[in-house]
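Consider the single chain below, provided in structure tokens and representing the form predicted on its own.
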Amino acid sequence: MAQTLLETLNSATSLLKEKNLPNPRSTSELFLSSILNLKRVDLYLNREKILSEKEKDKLFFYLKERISGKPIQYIIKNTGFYGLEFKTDPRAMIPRPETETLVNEVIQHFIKKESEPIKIIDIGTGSGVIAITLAYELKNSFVYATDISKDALELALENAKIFKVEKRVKFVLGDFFDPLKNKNLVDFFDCIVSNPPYVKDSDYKNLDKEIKDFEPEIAFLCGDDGINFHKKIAKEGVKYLKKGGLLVLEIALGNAEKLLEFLSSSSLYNQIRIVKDLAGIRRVVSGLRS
């Protein structure tokens, strides 16, 4: 006898639970929502629906992939970020909810200045979620977005086209500020924003298997300091940031005070502040160029 949608959902949940995978119910709902193109709440409104063989095969494939350890976002090929749905695949790391704090800090700073052109640079853009969200939310902005990975930039451009902001986001290949050299962009930007790699090499081995086995290593490793890349962005960024321009950086748990101390002692920035994410973690450090 064919299973109903609700019975299929219950079966998938039980299987993931047996394999000791986290959040088996919500994972099963996400898989079926993706396969059937339904909102999660609508799964229950269609509980008596009978899945086609093609739909059942796809669910079986998704479950097999998840049991192997593959992240959900790479399986269904999308993830939510700041109320938007982005294409997600192994060309770039998976956007995390805490990075919304970084984006929100920039938006709140500029939201009342939207009558003026806003020039932003996103260092290490990855899948492009930071640059694209800022372009989408700040209609008078133009965003440069750099990354060392050509594959990541290709994904980012695909995402920009989804939200029709590709004419206001310029993706450039290169390390940190290298793509800006000899481009007459000194004192050009109103904002530098970045979520740089911040996992110490010595801590990488302790990360979850689904991160180490599936996400690009280059998006996480930062050497042995924890704020190596943050220091580099802050020091080199002064050249390209306007006086009074905004620097906003995401930071690992436990490193906010260290970065704040570095920025304060450098005298390159003032009005330095730490912003907590929704979990209460000191996640973002911002300051204005002196």
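All residue numbers are counted from 1 along the displayed sequence. Please read these numbers as outputs of a predicted model, since none were measured by experiment.
The same protein has a further form, the form predicted together with a small molecule, not shown here; the description that follows concerns it.
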With a 4.5 Å heavy atom cut-off, would you call Asp175 a contact of the small molecule in the model of the complex? yes
is_contact(Asn195, the small molecule) in the model of the complex, heavy atom dist at most 4.5 Å: yes
According to a 4.5 angstroms non-hydrogen atom cut-off, is Pro71 in contact with the small molecule in the model of the complex? no
Is Cys191 part of the interface with the small molecule in the model of the complex - any heavy atom within 4.5 Å? no
Quick one: find which of 72 to 80, 90 to 98, 134 to 142, 163 to 171 has residues within 4.5 Å of the small molecule in the model of the complex by heavy atom distance. 90 to 98
Suppose contact means a heavy atom within 4.5 Å; in the model of the complex, does that hold for all of Leu5, Ala12 and Pro24 with the small molecule? no
The small molecule in the model of the complex has a heavy atom of only one listed residue within 4.5 Å, and of Ile107, Leu157, Leu84, Ile218 that residue is Ile218
